[in-house]
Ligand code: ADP
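In the form predicted alone, a lone chain appears below as structure tokens.
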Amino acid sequence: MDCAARKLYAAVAILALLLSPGCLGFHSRQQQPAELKEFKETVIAMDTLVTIALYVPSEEKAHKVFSEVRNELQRLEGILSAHQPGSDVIAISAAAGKEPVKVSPETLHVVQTALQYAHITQGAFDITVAPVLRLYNFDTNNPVRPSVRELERTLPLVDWRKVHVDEAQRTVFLSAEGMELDLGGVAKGYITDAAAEILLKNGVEFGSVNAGGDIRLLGPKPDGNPWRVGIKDPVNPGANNWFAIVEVRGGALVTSGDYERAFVEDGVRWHHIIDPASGLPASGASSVTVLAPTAEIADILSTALFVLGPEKGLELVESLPETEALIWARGEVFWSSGLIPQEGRGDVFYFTVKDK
């Protein structure tokens, strides 16, 4: 694929997701069905604000769905969190190098999916990076980064190939003592999908789930128009500061950016997206947005592509079905072949998704 044919030179950088279902000031071409009303609720799960929007006939129906979503997200956090006592993740890390740990079906699924994509990305995504992450503090009031010696001592603990899954026994085992799991690059996407599945099981045809930028959309908007998702400018990622808008009719979008958790020291930006090979912040991109069928996969790939950079990243994306990406790197914007730029939209770039 000729990446050079699909790159823009721009004076501004991108990207981060700002879900904007109808809040960008555009008029609908069709009318929303009269029997449907929009309801929204925000809850906290996995240290993330999760906003659920759904279109149903009654407030009673909405409250029922929201209640089920809250209960499910609370249950999943108790299983997948690396900070909640009694979680599968904490139990797996505590037993590293000692014994396999029996886990829930949900944990088994997430770990197996993560290992599958660790293989596909050749280790650019790695759920064993937790020991290295512990060496950093991205609080700008008290920033900490590891020394070379600390990285040399810790990096041998980072290796996804040392995670052993026994599907029949439903166990997960870290083969070296001191290893730890970090599901932060996949769990948020997984809980986003879980919330969306509850909407679907309750007969909700139109809606969205936004877990801190991990977005899952149920079909188009009720009026038949596509959802418009604004992608933030990471140099100035304030409210309504978007560089591009992508029109989509369903699926998931996730953005990873080096501005989300970061500090600057001696002119160098130290951010939370770590290259598992070096233990240092990945330098392959500044921001990555991935479109995929599920938020779980988009979450994984947004991290992996950040590490891989635009050339290898887009090569990978082109090999995956129903997957697209926007990558800002080295002052340029790259996009995959299924994203079609629209002309004549002023200062904001517009993309639609090619029908396949």
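Numbering starts at 1 and follows the sequence shown. Here the structure is a predicted model, which means the values were calculated and not measured.
Although it is not shown, the form predicted together with adenosine-5'-diphosphate (ADP) is what the next lines describe.
Chemist: Among the candidate residues His272, Arg269, His119, Arg170, which is the single one with a non-hydrogen atom no more than 4.5 Å from adenosine-5'-diphosphate (ADP) in the model of the complex?
Modeler: Contact check passes for His272.
Chemist: Could you tell me which one of Ile79, Leu133, Val204, Met179 places a heavy atom within 4.5 Å of adenosine-5'-diphosphate (ADP) in the model of the complex?
Modeler: That would be Leu133.
Chemist: For Asp166, is any heavy atom within 4.5 Å of adenosine-5'-diphosphate (ADP) in the model of the complex, or not?
Modeler: Asp166: no contact with adenosine-5'-diphosphate (ADP) in the model of the complex.
Chemist: Is the gap between Asp88 and adenosine-5'-diphosphate (ADP) in the model of the complex 4.5 Å or less for some heavy atom pair?
Modeler: No, no contact at 4.5 Å.
Chemist: How about Ser256 - does it come within 4.5 Å of adenosine-5'-diphosphate (ADP) in the model of the complex, if we only consider non-hydrogen atoms?
Modeler: Contact with adenosine-5'-diphosphate (ADP), yes.
Chemist: Taking adenosine-5'-diphosphate (ADP) as it sits in the model of the complex, is Glu150 in contact with it (heavy atom to heavy atom, 4.5 Å or less)?
Modeler: No, Glu150 stays farther than 4.5 Å from adenosine-5'-diphosphate (ADP) in the model of the complex.
Chemist: Which single stretch, out of 299-307, 317-325, 36-44, 59-67, brings residue heavy atoms within 4.5 Å of adenosine-5'-diphosphate (ADP) in the model of the complex?
Modeler: Stretch with heavy atoms near the partner: 299-307.
Chemist: At 4.5 angstroms, heavy atoms only, are Asp126, Gly185 and Glu260 all close to adenosine-5'-diphosphate (ADP) in the model of the complex?
Modeler: Spot residues vs adenosine-5'-diphosphate (ADP): full contact, yes.
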